[in-house]
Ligand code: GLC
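One chain comes next, on its own, written out as structure tokens in the form predicted alone.
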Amino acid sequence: MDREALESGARRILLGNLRQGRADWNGKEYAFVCPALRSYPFQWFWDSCFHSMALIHLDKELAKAELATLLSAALPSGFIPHMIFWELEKRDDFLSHNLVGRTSPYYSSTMQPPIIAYAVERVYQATGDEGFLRNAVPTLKAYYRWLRENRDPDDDGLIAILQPEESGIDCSPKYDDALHLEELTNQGFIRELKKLYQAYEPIRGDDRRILQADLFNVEDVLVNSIYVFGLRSLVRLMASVGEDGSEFAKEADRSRDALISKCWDEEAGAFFDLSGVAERPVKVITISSLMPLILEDLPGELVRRLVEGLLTSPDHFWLPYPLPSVSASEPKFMPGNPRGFIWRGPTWMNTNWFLSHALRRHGYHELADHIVGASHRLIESGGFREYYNPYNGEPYGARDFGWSTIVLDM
């Protein structure tokens, strides 16, 4: 598939999934790309960030509008929800379980991986729009402060998630024990989530108390890697508007150091999440174990061990269509169609985007080229789908899936 055909297909999906209008509930104008018209007909936080970076290559004005819409949903506290129901009438009942902790029916109570500052930086670099940048920076500062103040109750530099979907890799097997998941199906996963939310009811709306209750408290490697990545972008954005970003630079350094000192497992040669107030290592090798590679200042020896020991190992991630979301060595690795029980083995385009760019930053250009080539072949043979079999490329999940257009930026 040549570049012209790739762009044509991506344009059809991104414009076809575009929602525009004015919200009845707050009077704000919106313009965003929903992930998939039938499966995900709302605005999702990190999906929008990926959409904006794909749109850079097709329509820069829409790229700005995507992020401006997302930023406009920020609450006075600084929190930005992971789902916003601009078209309230389209909100399905099955999503109501995400509303724990908030009284509003217009947005979810939960977060997603905080990549937004990097997305803003990329769109600003592409457009040079000073007004867009100056409007974004105050909201971004408030958001990253909210994360630090509300999601790091033990003040160790690592932010925590209070339910699995906040990581964006919802049903990953690394959460099975924390969620007390025994029935390994999507129905079993949703059932345990609902139990968790019911237990949160007495303290809903107070994220620090929810985490201290220790019902589900995970310092997630993927989330924290993206947190540091986003903080670095915020520092550069603040410098662009003449502001001192040392507050956020220090936080990025502290979080990076905590990732290395607390999450790196020397024997396994992998990064592992920490579960509970007791910070028990979750020794399951998933795509998260590789995610600190996105940090330019990760020590070279850790980069080498991750790349040589895990990423390029056919026993782990170097399958015919890399990179699977779970190591092939894990007993719970599920490469086939999980029917909604996602992130347990298939390959996803957004993590390929993260890690192909990461490999280039660390000088592994041939490996990055291989991942990009495999990603193109997945799109060519299966279309822009939600996820793919890492052995044979079979496409699964939602069709015309928005963030798979991020291949344009690979």
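From 1 onward, residues are counted along the sequence shown. Remember, it's a predicted structure, so these values are computed and weren't measured experimentally.
There is also a form predicted together with the named molecule; it is not shown, and the following applies to it.
Hey, in the predicted complex, is residue 367 touching the named molecule, heavy atoms inside 4.5 Å?
-> Although the named molecule is absent here, residue 367 would stay clear of it in the predicted complex, with no heavy atoms inside 4.5 Å.
Does any heavy atom of residue 35 come within 4.5 Å of a heavy atom of the named molecule in the predicted complex?
-> So residue 35 counts as contacting the named molecule.
Any non-hydrogen atom of residue 46 within 4.5 angstroms of the named molecule in the predicted complex = Judged by the heavy-atom cut-off of 4.5 Å, residue 46 is in contact with the named molecule in the predicted complex.
So, in the predicted complex, is residue 330 in contact with the named molecule at a 4.5 angstroms heavy atom limit?
-> Taking the distances in the predicted complex, the answer for residue 330 is no, it never comes within 4.5 Å of the named molecule.
Taking the named molecule in the predicted complex as the reference, which of 217, 225, 325, 112 has a non-hydrogen atom within 4.5 Å?
-> If I apply the 4.5 Å criterion carefully, the residue I get is 112.
Position in contact with the named molecule when the complex is considered in the predicted complex, options 170, 176, 247, 279, heavy atoms within 4.5 Å | When the named molecule is considered in the predicted complex, the option within 4.5 Å is 170.
Where does the named molecule sit in the predicted complex: which of 373-381, 352-360, 35-43, 53-61, heavy atoms within 4.5 Å?
-> Every other range fails; the passing one is 35-43.
Residues of stretch 256-288 in contact with the named molecule in the predicted complex (4.5 Å, non-hydrogen atom) = Contacting residues: none.
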